[in-house]
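Just the one chain here, the form predicted on its own, laid out as C-alpha cells.
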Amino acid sequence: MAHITVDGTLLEVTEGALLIEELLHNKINIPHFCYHPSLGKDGNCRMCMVEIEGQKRPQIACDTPIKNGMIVRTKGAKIDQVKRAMLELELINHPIDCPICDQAGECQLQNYYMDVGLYESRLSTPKTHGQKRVDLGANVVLDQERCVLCTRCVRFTQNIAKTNELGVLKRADHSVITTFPGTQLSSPYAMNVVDLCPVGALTNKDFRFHKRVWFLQSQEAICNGCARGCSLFVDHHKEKYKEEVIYRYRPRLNVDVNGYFICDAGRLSYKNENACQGVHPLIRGKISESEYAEGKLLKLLKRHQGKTLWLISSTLSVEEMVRVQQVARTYGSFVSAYGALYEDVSFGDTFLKCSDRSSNGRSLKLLHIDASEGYFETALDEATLVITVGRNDVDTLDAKGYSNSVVIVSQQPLEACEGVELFLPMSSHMARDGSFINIDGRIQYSACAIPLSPDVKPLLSILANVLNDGVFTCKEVWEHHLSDRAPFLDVSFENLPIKIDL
C-alpha cells in the first residue's frame, strides 16, 4: 500500500496502480473519455489531466502509476484551465444537437461541459462534418459528428469481442470511427459499444427516440436467458393511463458473473416481458375472475388429491420450486421437471453465452426434483390432473397419451390454453422477485418486481393462497423452508449472493 495526498486529503491506495483507478475507487470525480476499467488505458483524450507536485507539467491520470508520497491536485485554476482547453478541442466539431440526442441525460460530455463552464465559442471557421445516422448493423447507429474518438468501441471489438469490425479512418480532424469496407458490426455482443460510448455517437436502434432517459426508473435484476445469470438494470416507465412498459436492459457490473457486459440476445429479451401484459385467467377457454380461478385450482387439488402431477419449469426461482414441493407434499402430488433442461449448442460461446438455456436448472438437482423421463411417465400413468408451472406442455402430454384434466400456470397463454381445464396467469420474470443459481453455483437474488400487469399475481402468492400459511415473500420462504435444508444450511437470505458447491 502507498499513501498519497489528493486535494489535501490523505488516501491509502495500492502502490503501482494507475492513478485514475484509485481516484475513481475513492469517488473522486476525474473527467475521462478513453479510459474504461474493462478496456484499460489509451491516453488519447487527455481529459484526466492532474497536477502532480514535482512534475513540470500536468500528467494524465490514466497512465500515471502511483508512488508513495505523491501530492496530487485535481482542482484549481491552473488544472481547470488545462481541462477547459482539452474540452474545447473535443467540442470544435461537435454538433449542438443535445435536445434530440438519445444520450442526453446520460452524456459524460454534457456533465464535463457543465463542470468546466466554457459557454462561449471561439470557433471562427466552419465545423468539419461527418456522416449521420450510419447503420453499422447489429442494432447500432453511428453519428460520426458526435464522436470524441475515445476508441472505446474499437478496443472492445478488438480485445473483448475479438471481431475487429471497427476502426479509425482518415486523419486529423477528419478522423472518424466506422466499419472496415465490406463489413458490418455483427458480433453477438455488438450493442455493448452503445454502453461504452461516453457521448451520443453510438446509439441503440431498438431504443432510439423511444423514451427520454430522465423518465425511466431502473431496477436491478438477473437475466433469465441462459444459465449465466447476468446482472441487469431494467429501465421502465409508466405513462399516464397506460400500463408499465420496459424500454431496455442495460448491463450491471458484476465482476463474478458478467463483468461490464451482456449479450445482445439477453439485452433484447425485454420484449418477452412486455408481451406478457393483458393476460386473464381462463376456465375452459372463457375469461374468469382471478379469485374464482384460484378457488378452482384449490378445488381441483382436493378432488385429485394423491393423483396430481406438477410439471415445473427450470425458469422458476429457488423459492418457487420449494413452495411447489410444499404444495405437492400437502396434497400427495408428484413433482417432475421432465423436459425443463434445455441445451442450445448454437447459442453458447466461450465468453458469456451458455448452451444451457435453463436459467435455474441447477436448483432441480439440489432440491431433488426428478427430471427423468422414466419418473415422469410413471407419475403420468397415475395422474388424473397435471399442473404445468411456468411452461405449456399440452403437446408433450398429448404425445404421451394423457387425456385427463390439465391446469396451466404460466406467464402467457397460448392457443392450447383454451382447451384446458384452467389457465391461471402468473407474473413474468421481471414482475416477480426470486433467487436463481447460475452455472457456476452462485445464488443470486433478483429483486426486480415491476408491476407490468397489476392484476396478475406472482406464483408465490398463488401458492400461499393454496396452502393458506401466510408465506408470501422470498425471505419468508428461506426462513420457513430453506434454512434447515441442505445444501442451504449455511446460506441465509441476507447474505445473497453467495457461491455454493454444485
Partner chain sequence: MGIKIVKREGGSLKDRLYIPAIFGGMKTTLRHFITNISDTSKVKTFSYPEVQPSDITSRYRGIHRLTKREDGSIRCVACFMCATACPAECIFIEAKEREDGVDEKMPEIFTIDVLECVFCGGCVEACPCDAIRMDTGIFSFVALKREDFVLTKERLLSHEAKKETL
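Numbering follows the first chain given and starts at 1. Predicted, not measured: the structure shown is a model, and the values here were computed from it.
What follows is about the form predicted together with the partner chain, which we do not show.
Contact with the partner chain in the model of the complex, defined as a heavy atom within 4.5 Å, holds for exactly one of 401, 99, 126, 182, namely 99. For the candidate set 122, 242, 368, 271, a heavy atom within 4.5 Å of the partner chain in the model of the complex is found for exactly one residue, namely 242. Of the heavy atoms in residue 143, some are within 4.5 Å of the partner chain in the model of the complex. Of the heavy atoms in residue 292, none are within 4.5 Å of the partner chain in the model of the complex. Residue contact check for residue 132: one or more of its heavy atoms lie within 4.5 Å of the partner chain in the model of the complex. Using a 4.5 angstroms threshold between heavy atoms, residue 78 stays clear of the partner chain in the model of the complex. This chain is displayed without the partner chain, yet in the model of the complex the stretch 205 to 213 from 379 to 387, 327 to 335, 205 to 213, 343 to 351 comes within 4.5 Å of it by heavy atoms.
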